[in-house]
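Just the one chain here, the form predicted on its own, laid out as structure tokens.
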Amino acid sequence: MNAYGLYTLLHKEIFRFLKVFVQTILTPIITVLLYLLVFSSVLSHHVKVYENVSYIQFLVPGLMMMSIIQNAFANTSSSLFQSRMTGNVVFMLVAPLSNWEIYLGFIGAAIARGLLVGMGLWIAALYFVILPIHNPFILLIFAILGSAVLGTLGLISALWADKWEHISAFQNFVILPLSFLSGVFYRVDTLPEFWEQISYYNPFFYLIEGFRYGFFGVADVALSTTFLIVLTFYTITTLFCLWLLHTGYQLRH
């Protein structure tokens, strides 16, 4: 492995989003805090959650994971597509970097941004509520997996898109609906049976379930099942992304 090349790409990608810290880190935190204020006020007495867990406690992990995955997607999709549009991607392609090293560089930066947004939101949420921590290792694992999965989807969308509208469409019609319909604001077993069953086919639901388990030690789906589904989804998306990079799809032409 070209460790120095990988480090250079990773450093460049992390420095890219840190240069606009207010836009990439602070703004998502403020946006999610507004969700927290509105939904906790409106739904706190109408949504059933776990025993000994208040609704605002239940809500914070879901909002954290939603913010983590949305920002991980935005990081890779915007970076790679912008490089394609400006022609800067050629400098990465002629460098002695394998497809796997390119992938790791982008995904590493997506994970870094996702974790920074998640940690920032957690710190800001301390003003409203103190969360119990059942297992910090599980929290970290699902935060990293969530960032990696959405970072991979961001790369796929950046390779597929022909213009910025395609990136926006992918985010608005795929990422955003799956995020909102994944149990962020409610428990899926409180839904009508049809919609409850539909929710179990949403991979984002399992990301949030696993992340919540790290805080409370309880979930609607067994942790082993949740982890297996998330890992399977990540493996499939990663293999597809690496195949696209290997073929040079929309890169080498």
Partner chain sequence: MTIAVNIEQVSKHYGQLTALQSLNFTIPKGSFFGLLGPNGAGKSTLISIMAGLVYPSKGQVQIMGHDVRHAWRQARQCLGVVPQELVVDMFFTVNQLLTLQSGYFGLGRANRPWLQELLHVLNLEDKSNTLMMNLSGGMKRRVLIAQALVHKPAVVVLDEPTAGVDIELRKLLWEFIKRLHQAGHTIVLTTHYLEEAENLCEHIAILNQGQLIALDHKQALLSHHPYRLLYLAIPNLELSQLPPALHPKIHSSTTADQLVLQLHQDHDPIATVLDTLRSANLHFTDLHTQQPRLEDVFLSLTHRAVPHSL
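All values derive from a computational prediction rather than experimental measurement. Residue numbers count along the first chain shown, from 1.
Missing here is the form predicted in complex with its partner chain; even so, the following discussion is about that form.
For its partner chain in the predicted complex, the listed stretch (179-187, 111-119, 142-150, 85-93) containing residues with heavy atoms inside 4.5 Å is 85-93.
Taking the partner from the other structure, its partner chain in the predicted complex has a heavy atom within 4.5 Å of a heavy atom of residue 9. Taking non-hydrogen atoms only, residue 172 never approaches its partner chain to within 4.5 angstroms in the predicted complex. In the predicted complex, its partner chain lies within 4.5 Å of some heavy atom of residue 97.
The partner is not shown here, and in the predicted complex the stretch 164-191 never reaches within 4.5 angstroms of its partner chain through any heavy atom.
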